[in-house]
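Only one chain comes next, encoded as structure tokens, the form predicted on its own.
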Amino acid sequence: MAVTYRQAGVDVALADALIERIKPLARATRIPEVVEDVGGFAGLCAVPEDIDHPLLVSGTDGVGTKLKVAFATGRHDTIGQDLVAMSVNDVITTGARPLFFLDYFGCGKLELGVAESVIAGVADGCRLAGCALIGGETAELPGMYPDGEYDLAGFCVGVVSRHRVLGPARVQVGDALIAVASSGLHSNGYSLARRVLEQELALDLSQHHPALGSSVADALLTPTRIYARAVQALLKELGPEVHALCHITGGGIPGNLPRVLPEGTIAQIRMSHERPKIFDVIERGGPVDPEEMFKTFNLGVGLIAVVRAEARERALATLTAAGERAWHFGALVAGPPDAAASVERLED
């Protein structure tokens, strides 16, 4: 008897069935610039006509070992939002509007329900970001992944006018720093978080934790917040008074904020805000040194806006009206002229 592709571990009919389930999910994210629906070899999207000297902005990321929590709990409905968030939140730091998103889903054996749940979460994330899901890739790769596991990657493209690109060239000494709250760990630092929670504390993920007010799994799987709509509102209200935006990912505030600041500047900040309880549980449970926490996690700050000092209160009001929790976080001061930009924590 001849050997078939299905006997080798790849079920093409199942993959086709998944595409049919994805089509309405993608259709729900459609924006005016999308030219064709999902199903072809490539996605087509027009560049908006109302943008002067448009630049395309691209970003790609995954969700790291947060996937391990999804595997362990069998909960796959929010991990797709994490995937969208990690790329979209990078792209919007340039001032860009996210246009479209593509995903890559790789597994050893395709489980239709799991894959559909993941991609439904991707579509949810795209709707929150205001971008279209125009395509992706589902790869069934026998022998590449353990049973019940998969890998994810995401790719976002946005657009911004060349004259409105944010970044260090716009930033000035005296600018105000506005912090925007994270929803928790987002999708960074999970190797350390899991080491503490699963090994040092030996917690059951399904166990209710009094300090968290939820199960450990609920705290770990809280989806990454997507800031695209709030940023668009901020840019519309403040315009050129927004100088830079920083997405706090791996490396925490000290590893990310200097990336959007010019040489010879110091960001002076106060970490006096109330942070999600998961960070306290990890810090005490390790124990993990506070400085290690600062260099690893977002500690409750998912995004930082650098704005003209006189625009600070308007920025806070705009972000609050957009549904975000925001607060004055610090200011930019002059440092040694040729020194790399840095972060200084002031006493609370």
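So that there is no doubt, residue numbering starts at 1 and follows the sequence shown. In this text the structure is predicted, and so the values were computed from the model without any measurement.
There is another form of the same protein, the form predicted together with another copy of the chain; it is not shown, and what comes next is about it.
- For the candidate set 112, 211, 233, 144, a heavy atom within 4.5 Å of another copy of the chain in the predicted complex is found for exactly one residue, namely 144.
- The contact residue chosen from 284, 68, 27, 314 relative to another copy of the chain in the predicted complex is 68, the criterion being a non-hydrogen atom within 4.5 angstroms.
- Contact between residue 60 and another copy of the chain in the predicted complex is found at the 4.5 Å heavy atom cutoff.
- None of the heavy atoms of residue 206 is located within 4.5 Å of another copy of the chain in the predicted complex.
- Heavy atoms of residue 182 never reach within 4.5 Å of another copy of the chain in the predicted complex, leaving it off the interface.
- Residue 49 belongs to the set of residues with a heavy atom inside 4.5 Å of another copy of the chain in the predicted complex.
- Checking 223 to 231, 96 to 104, 123 to 131, 273 to 281 against another copy of the chain in the predicted complex, the stretch whose residues place heavy atoms within 4.5 Å of it is 96 to 104.
- In sequence order, 256, 259, 260 are the residues of 252 to 266 having a heavy atom within 4.5 Å of another copy of the chain in the predicted complex; the partner itself is omitted from this view.
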